[in-house]
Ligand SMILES: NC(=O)c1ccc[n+]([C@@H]2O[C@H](COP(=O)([O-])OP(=O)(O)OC[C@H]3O[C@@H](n4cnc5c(N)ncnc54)[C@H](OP(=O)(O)O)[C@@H]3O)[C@@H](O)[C@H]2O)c1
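Taking the form predicted on its own, here's one chain by itself in structure tokens.
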């Protein structure tokens, strides 16, 4: 099978198209023919070992796991003798974060516990985008923020992969959603259901004139003190993504700011369960959740896909198709 692998940390130039033996499923494993793989910020963070602490878990001098790719959608083509949840031909999705990654390939073999049936009303390309980004949005809104009907929330970074899902999930939970994005994503955020869309080049929504119960910094680029101006006395700031400086601020200063009053500053450590995947599938099949697809690349164009994602200007999700 064809795979895209890397042996050294660095830029996307390290990614190479290779041939590997197609694995055979054992125990409760499934062999899935991959039809689409979604790329995420996690992929380029791992590729670049950025932040440096990535090396503590992924290998200090070189990566232990050579094939990136967290999200896949595909078809079950073989199964181990102990696999019972799916049958040959089933359309499935998975978040491979706990299963050694490996989505940038023609096949993936791992435990059936990683998989859920794909939404019947989504293409493979659309379904492949759901697991990591969709789950991040779901857990942020439902679990971490416990958003309730009528609450005012701000989503800073509503135009990217996580942001597009978050706008929809927040509306499902009854929130009044203000989407903050660049001029190129204004109409898209409005079409996804945001009650108000703010172009950050035209208005500073963090000037304190509007107070929010929750601020989701999906790709936040402002200081915590600036977000604090736009929060209610019991407001929550949740960092869902962003630059290394943003991550550092949330981890180092979040507790300090939280101790100063009723406001809380924290971050999301996402983890996907099959139950969460099944919830996302149900919402998709009910027509409440859709994928916004930006660009598609082939397996041999993976480096280009990662470069595009790194620009921070993707309008929705970016996928890689297995054709070389």
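Just so it is clear, the structure is predicted and the values come from calculations on it, not from any experiment. Positions refer to the first chain, counted from 1.
Just so you know, the form predicted together with the named molecule exists too; it's not on screen, but the next bit is about it.
- By the 4.5 Å heavy atom rule, the three marked residues 147, 175 and 235 all fail to count as contacting the named molecule in the predicted bound form.
- Segments offered: 176-184, 202-210, 117-125, 85-93. Contacting the named molecule in the predicted bound form at heavy atom distances within 4.5 Å is 176-184.
- Here is the short version: of 55, 295, 33, 45, the single residue with a heavy atom within 4.5 Å of the named molecule in the predicted bound form is 45.
- Site annotation in the predicted bound form: the residue of 67, 283, 49, 268 reaching within 4.5 Å of the named molecule with a heavy atom is 268.
- Looking at residue 41, you'd find a heavy atom of it within 4.5 angstroms of the named molecule in the predicted bound form.
- Contact annotation: residue 218 falls within 4.5 Å of the named molecule in the predicted bound form, judged by heavy atom distances.
- In the predicted bound form, the named molecule lies within 4.5 Å of some heavy atom of residue 314.
- Among heavy atoms of residue 136, some come within 4.5 Å of the named molecule in the predicted bound form.
- Residues are counted as partner-facing when one of their heavy atoms sits within 4.5 Å of the named molecule in the predicted bound form; in 146-185 these are 156, 157, 159, 160, 161, 162, 163, 180, 181, 182, 185, in sequence order.
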